[in-house]
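Only one chain is given next, in C-alpha cells, and it is the form predicted on its own.
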C-alpha cells in the first residue's frame, strides 16, 4: 500500500505556477527525500499534502484519504515538522505536548505515556519544566519533532529535521527516523543536508522550478548522473608490463604500476566475476573496492543540467 500518493499535483498563485503536475508514491516503510533549490516548490508540495493548501489541479491521498475531500482525516493521519515551529514559549514541554495530545483526541493516559517516552528519547526530560522560551534552537527542534510524533501518525512530513542541531543531537534525530520506519508508516523528508539524504533515503525526488526532474533510488540517481561505477584495484607487485583484461561492461579507465581504476557497468554480477578473473590470471590483488560516488555531485548535476521535462522512473 502507498501511504502517500500525488497525481499530477499542481498549485498556482495568481499567475505563478509554483508546483507543476507533480506525481509520486511513497510506500509503507519507506523514506522519500525531497530535494531542490530554494523556490523549487518543496514547501508548497508539503502544504498540499497536509491539506493546508488546496491544489489548483491534480489530486493527493494520505493514508487513503483525499487531501481535499477529507482534510480532517488527513491531518489526523499525518505528523508534520515545519520550518517554523509555532511553539508557545510560555508553556513547558509537558504542557505543550499534553495540549497537542488533547487536540488529537488522545486519552490522557495515552498522551502522557507517549509524552514521557518522547521527552526521554530526545533528551528533553531533564528540561521538561523549563519554559520553551528558554530552549535553544536545537531543543525547540526536538520538541517540535516530539509534537509531530505524539499521536503516532502513519505519515510523517519532516522539513529540515536536524537544522540548528549540534552533531550529537542530529545523530539522535537521524537514528529516530531510522527507527520510525515500519510497515505502517511512510516518511517524506525535506533537507539540504545531502549526507543525511544519502543515509536515510529509499527514494529521492528532485524538484526544479516546480517540476520533478528525477525520481530515483539514491544509487539509481548517482548511476544516472555520475556514471558507471568505478573500482580501484591495488596490486602487491607491479603490473606495468601487463594490460588488464577488459570486455563487455568492463573498461579499464587508468592503470599504473601498482594501481588501476576500472569501470564495471553491472557491479552486482560483474564485479566479483572480474575479481576472480584477475586472480585466476595471476594478478596479486591487494585491494578491490568501489570508488564512492557523490550524491552531492549528482544533485548539482541534476539541478544544473537536467531538461525541464525530464522525470526519472518511479521507484
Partner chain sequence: MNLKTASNHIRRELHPAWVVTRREVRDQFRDWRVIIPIVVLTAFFPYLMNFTVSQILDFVAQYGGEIIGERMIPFLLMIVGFFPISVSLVISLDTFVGEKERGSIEPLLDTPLKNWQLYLGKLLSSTVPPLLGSYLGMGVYLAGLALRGITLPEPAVILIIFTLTTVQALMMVSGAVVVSVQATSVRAANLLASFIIIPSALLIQVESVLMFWGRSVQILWWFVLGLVILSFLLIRAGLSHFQREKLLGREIDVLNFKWILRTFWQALTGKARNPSEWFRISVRPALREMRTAVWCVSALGMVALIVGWNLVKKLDFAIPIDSVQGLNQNLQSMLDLAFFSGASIVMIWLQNLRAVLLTGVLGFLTFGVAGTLPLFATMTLVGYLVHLLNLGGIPMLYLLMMLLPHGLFEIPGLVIGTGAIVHAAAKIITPSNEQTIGEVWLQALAFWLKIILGVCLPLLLIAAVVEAWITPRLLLWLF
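Positions refer to the first chain, counted from 1. Just so you know, these numbers come straight off a predicted model, no measurement behind them.
Below, we turn to the form predicted together with the partner chain, even though it does not appear here.
Novice: Please pick out the stretch from 188 to 196, 67 to 75, 228 to 236, 203 to 211 that is in contact with the partner chain in the predicted complex, where contact means heavy atoms within 4.5 Å.
Specialist: It is 67 to 75 that comes within 4.5 Å of the partner.
Novice: Taking any heavy atom pair closer than or equal to 4.5 Å as contact, tell me whether residue 217 reaches the partner chain in the predicted complex.
Specialist: No, residue 217 stays farther than 4.5 Å from the partner chain in the predicted complex.
Novice: Does residue 53 make contact with the partner chain in the predicted complex, using a 4.5 Å heavy atom cut-off?
Specialist: Taking the distances in the predicted complex, the answer for residue 53 is yes, it comes within 4.5 Å of the partner chain.
Novice: Is there a heavy atom of residue 90 lying 4.5 Å or less from a heavy atom of the partner chain in the predicted complex?
Specialist: So residue 90 counts as contacting the partner chain.
Novice: Can residue 102 be called a contact residue for the partner chain in the predicted complex at 4.5 Å between heavy atoms?
Specialist: Looking in the predicted complex, residue contacts with the partner chain include residue 102, since a heavy atom lies within 4.5 Å.
Novice: Only one of 224, 174, 114, 85 gets a heavy atom within 4.5 Å of the partner chain in the predicted complex. Which one?
Specialist: Comparing distances to the partner chain in the predicted complex, the residue within 4.5 Å is 85.
Novice: Counting non-hydrogen atoms within 4.5 angstroms of the partner chain in the predicted complex, say which of 30, 47, 277, 61 makes the cut.
Specialist: Exactly one residue meets the criterion: 47.
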